[in-house]
Every structure is written in C-alpha cells, then in structure tokens.
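The chain below stands alone and is given in structure tokens; this is the form predicted alone.
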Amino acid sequence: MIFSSAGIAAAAGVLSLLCCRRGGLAGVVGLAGTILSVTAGIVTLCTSPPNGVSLLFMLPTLILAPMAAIHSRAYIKGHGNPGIYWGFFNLTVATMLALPLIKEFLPFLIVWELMGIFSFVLVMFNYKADELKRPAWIYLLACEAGGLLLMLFYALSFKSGVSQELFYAIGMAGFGLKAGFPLLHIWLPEAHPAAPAPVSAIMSGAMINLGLMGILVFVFPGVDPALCGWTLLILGCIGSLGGIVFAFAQDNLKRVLAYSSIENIGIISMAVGCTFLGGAFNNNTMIVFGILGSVFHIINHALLKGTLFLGAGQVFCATGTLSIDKMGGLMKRTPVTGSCFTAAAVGLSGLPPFNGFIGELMIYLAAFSGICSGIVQLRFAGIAAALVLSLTGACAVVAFSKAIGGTFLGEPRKITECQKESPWMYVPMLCLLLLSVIAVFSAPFTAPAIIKLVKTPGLDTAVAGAEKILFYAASFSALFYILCTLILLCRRFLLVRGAENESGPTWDCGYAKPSARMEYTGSAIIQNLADLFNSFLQIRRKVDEPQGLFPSKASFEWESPDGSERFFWAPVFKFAAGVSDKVHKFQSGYLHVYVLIMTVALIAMVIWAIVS
C-alpha cells in the first residue's frame, strides 16, 4: 500500500512529460499528482506505518514535496518547458518516497541511480544559461561517482577475504557523496545556486538525508558501534563548523544556504554519532538525547531550510539576482517573504524559542551526559560535540545576519525595481513556519513515540527526563509567543487610538545627503570575521578604490572558492589530467600499436591468472 504514494508521483511525472507541448495542462497534472501522492503517503503512514527508519526519512519528503510543488507553480513561469519540469519533479519525488521502503540493496541501488539522473535534469533545467552548465555537470559526476562506489560496495559484499575497513570506507564514501560529508560535499555549493529554488528545497531538506539513511541501513549493521559513533562524530564536527564558516563568506544567497546545509547535516551526524557512542558504552541518557536530537533536527532542518530556499526563490523572481551585495530594502517591498526568511533563519541558528533550539538542546544534553559519564572516551566526545556545536551556532548567527541584513534591510542598492510577491510562493513558506511552531509544542508528546521506534529496552527513565525538559522548553516558547502577541496587540491598539506616528531623517553621521551607496553591504557586515578566518577561506578580493575628493565610483567584490575543491579535488584532477596526457601519447592512430598493446595486456592477464 505504501508504495502507492511513489507510484502516483511516478505516473504524474510520466503524464506531465507526455503533456510537454501543453504547459498549462502539464502544470495541473504535475501539481495534482504531487499533492495526491503525498496525501496517499500520509494516509498510509497513519493506517499502517513502516519501521522507524523508513518513517523518519519519508517525512521530510512528504512535508516538502507539496510545498515545493505549490511554489513551483509561480516560480517556473517563463523559465523553461513546464512539462519537462513537472515530469522530472514528480519522478524525483517518486524515487525519494520509494528509497526508504526498499530493504534489498540491488533494487535500492537502481532507484538511487534514477534519483540522481532525474534530479540532474532539474538542476540543469535552465540549460540555456552558460553559467549553470558547469554546476550541473559537477552534480552529475558526483551522483555517478557515488553510484560507482556503491556498485563496488555491492560487489565486494559477495567476495570473501575483503578488508572490512576497505568495505566500510567504500560504503561511507558512496553514501557520503549524497549526504555532503567533508571533501565529498563539492556538488552542494555548485548545484543549489543552479537549481530552481523549489528543487533546492527538497534536495537540501530531504534528499541529502537519504545519504545518511543509506549509511545507517546498509553500511553500519554488523560494524562496531564505537567505530560508527566516532566516524560520524568526527565527520559531523568538521562538516558543521567548516560548512558554516564558508557560508558567511559567500555573496550568492542560495550558496549561503547550500553551505548551511553542509553545516546541518554535520549537526545531524554529530547527534547520531553521540547515539552510537552512548550505545557502545551503555549510556542510556546519551542514547535518548542523541536519538531525539537527530530526529528533531532532521525535521527542523526540512521545515526551516525549505522555508529559506523558497524565500530565496521569491527573492530571485522579484529582483532577478541572488547577489546579497546588490540587494537591500526588500523587507518593505516583499514583507511576507522577508519576515518568513528572518524567522526561519533565526530558528535554524538554534536560537530559542524556535524549533531549531529544541533539536540542538537535545544534542547539547547528549554531549553533557557524555561529559558527566566518567568514561574518558565519552567525556572527550561530549566536549568536542558541545564546543563545535556552540561555535557553529555563533557562526550561523553571523551568516544569517549577513543574509538578512544585506538582502532585506536598509535601502535598495543596485536593484531598485522589484516585482510584487506571489501568494503561490509565500503561502508554502507560511505553512512550513506554522508546522515549525507546531513542532515546538508537540515535542514533549512525540518524544516517547520516537524512542519506541528504536525498540531498545531500559530507556524509560531517560525518556521521562527528556519529556520533562521538552515540556519546560515548550512552555518557555509559549510564553514568548504570548508576550510577542500582546506587544503587537498593544501597538495596534495605540495606532488605532490615534497615537501620532512621526517620521524624519535618520542620523546621517555628518553627511548632508546620505544614499544607499553609503550603507553597509553584506560583505562589510562580516568583514572582520572573514579576515579572522582568511587563512582558511582564502578570499579573493577585487577592489576599485575611490579616487579624489568627490569620487564618482568605487566597488568591492570578493569570492571564496570551496576548500575541498582547492585543497583536494583540484590536485586530484590535476594529477589525473597529467596521467591522461601521458596516456594520450599511446593514441598514435596506428593499428599495429593498438594490437601490440592488446597482446601485451592479454599476456599479462594470463601470467596473473597462472601466478594467482
């Protein structure tokens, strides 16, 4: 029954492709198919839910797919063939719904490859733009590289005598390419700015989680829990802090969000790592808080990052650009989008009283329980997780302060014209924010159900403590929301009663006629922090300094190339290119040379067969 959800999405995708020449009909079929598919999935989950892992990793797709589909209704107008978009959008959703339900590796691998191909078409949807071709091909190469590693992983599972460390590393690398682990995240900051915003929302909020799911289902069974825990904890610490540091050095709004996705998958990995370490050393409190932290943060990231990417899509449609330094003043012109983006950014930074705080609070408590356990290994792991999580949270505040301040606050800079907000775009954002508020107040009630899915005995005492803490956190959030509502009502009451609302010029710092050119840009907001991390970021600056007493122009641009590309992938491809140049010399064009090479290769294989 539960596969009917994926089947409906797949059928809607095929029908949309058949309606390529009738864009309006394709849009209706695509949107209706997504909503019917999600409805069928939710009904089936309520009547006959699958196991815990499948349920957890299906939820982000079920939440984000209809919101992204509604947003797409307005976003793709004038951007390409609607039939192609809706066809591959629904096919991608179908594969994402099917993957958590497949327990055999070979069919899982086939659907995994289809998901990569379908989503590649969506990333390359605006194929006529030359600047989008390179990111799309990088994404395809990452998908195929991950697929090849998983094929090797599957082949080695039938061969005896294979090193378990090698087997484990290949599986981690294959799924880690999709999850965006350190060094393997190269496609994330490239594909997200290129893809349509609704596609980025489901890829970031739901698809990258499937890489972690593959690790939990196919790689970790039978492996020492301590090894699993340390692996995820170390990868999570590096990915979360490294991702957010690179985020605040970006000017492209969606590129900031892409690096934030690397940060958040790192936070989830840290939480899962704490869970495995708690299991390895029989620390029930660490297990419970680690499970709750990882589950809550997976859902919170889907809700909040989905809101942010959809907001970035509205910004792009309104202004035609994603450059933070070129925008400004959008809060007055797109107030709903600006308010939703700000609320989601605050929540994803882990600040109370939003739902992002609930998830990170559980991870902090898992770390503190490890510190207080008296076991050296858990104490070290807890200190590392708590320190990295606190630094990551501080850097996230900086990154989103830049994104909000540079995009929505102040006065318009270079982009002075702005289209009106579309309800098709901001209603899904409001729905996701409403769900995030519901997630805060439902946390104390959903926590026991989440722990029951794990089916680990002896956790009742720790679960009771977690429920009490979540109840206090939800109560604090409720008081905050009530206070904010009372303040807004009082302000509204005063305005209705005729209170004077005067306006005047702002303090001009001595300038007789201040202009938008004098205000801080997003780059200026984080300049000092960027200089602090410059040895790591390697920022490239292009400065046109003002000249004379009354300069007519001045400009400042910078870019921070990805660290994994600079330190790892560029040397690897440079070496591969050098080897290819050497091998190219054998392509002489003479048949007898090729025959000689084949003969030598056959003789070598025969000798190898005899010796082995």
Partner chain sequence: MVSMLALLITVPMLTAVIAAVCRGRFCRLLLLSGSILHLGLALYCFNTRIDGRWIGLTSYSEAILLVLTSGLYFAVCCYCCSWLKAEECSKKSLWILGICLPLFLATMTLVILSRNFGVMWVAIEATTLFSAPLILFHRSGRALEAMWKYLLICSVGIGLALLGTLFLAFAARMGGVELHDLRISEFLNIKESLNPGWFKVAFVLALAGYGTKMGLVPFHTWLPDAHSEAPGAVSALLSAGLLNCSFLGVIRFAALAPDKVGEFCTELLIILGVLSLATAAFFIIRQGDFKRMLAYSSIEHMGIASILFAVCGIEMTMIHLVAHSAIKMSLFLLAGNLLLACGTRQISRISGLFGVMPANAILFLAGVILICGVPPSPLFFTELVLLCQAPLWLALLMVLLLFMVFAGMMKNVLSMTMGKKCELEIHAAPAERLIWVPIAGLCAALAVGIVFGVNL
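Numbering follows the first chain given and starts at 1. Rigid core: the largest C-alpha set superposing within 1.5 Å between the two forms. Fair warning: this is a prediction, and the values are worked out from it, not measured in the lab.
Another form exists, predicted together with its partner chain; not displayed. Remarks below refer to it.
Undergrad: Looking at its partner chain in the predicted bound form, do all three of F3, A10 and A32 come within 4.5 Å of it through at least one heavy atom?
TA: Looking in the predicted bound form, the three residues F3, A10 and A32 all stay beyond 4.5 Å of its partner chain (heavy atoms).
Undergrad: So which of W424, F536, Y154, F316 reaches within 4.5 angstroms of its partner chain in the predicted bound form, heavy atom to heavy atom?
TA: Among W424, F536, Y154, F316, a heavy atom within 4.5 Å of its partner chain in the predicted bound form occurs only for Y154.
Undergrad: Have a look at L216, A145, L430, A226 for me and say which one sits with a heavy atom within 4.5 Å of its partner chain in the predicted bound form.
TA: Of L216, A145, L430, A226, the residue with a heavy atom within 4.5 Å of its partner chain in the predicted bound form is A145.
Undergrad: Check whether T47 has any heavy atom within 4.5 Å of a heavy atom of its partner chain in the predicted bound form, and answer yes or no.
TA: Outside the cut-off, so no.
Undergrad: Against its partner chain in the predicted bound form, would W137 count as a contact residue? Criterion: heavy atoms within 4.5 Å.
TA: Yes - in the predicted bound form, heavy atoms of W137 and its partner chain come within 4.5 Å of each other.
Undergrad: Would K159 sit within 4.5 Å of its partner chain in the predicted bound form, counting heavy atoms only?
TA: K159: contacts its partner chain in the predicted bound form.
Undergrad: Determine whether any heavy atom of E113 comes within 4.5 Å of a heavy atom of its partner chain in the predicted bound form, and answer yes or no.
TA: The answer is yes: E113 has a heavy atom within 4.5 Å of its partner chain.
Undergrad: For the chain seen here without its partner, which of 575-583, 559-567, 54-62, 32-40 has a heavy atom within 4.5 Å of its partner chain in the predicted bound form?
TA: Only one stretch qualifies here: 575-583.
Undergrad: Scan 159-185 and note down the residues that get a heavy atom within 4.5 Å of its partner chain in the predicted bound form; none is a fine answer too.
TA: Read in sequence order, the residues that approach its partner chain (within 4.5 Å, in the predicted bound form) are K159, L166, I170.
Undergrad: Honestly, after the rigid core fit, is V14 moving at least 2 Å at Cα between the shown form and the other one?
TA: No.
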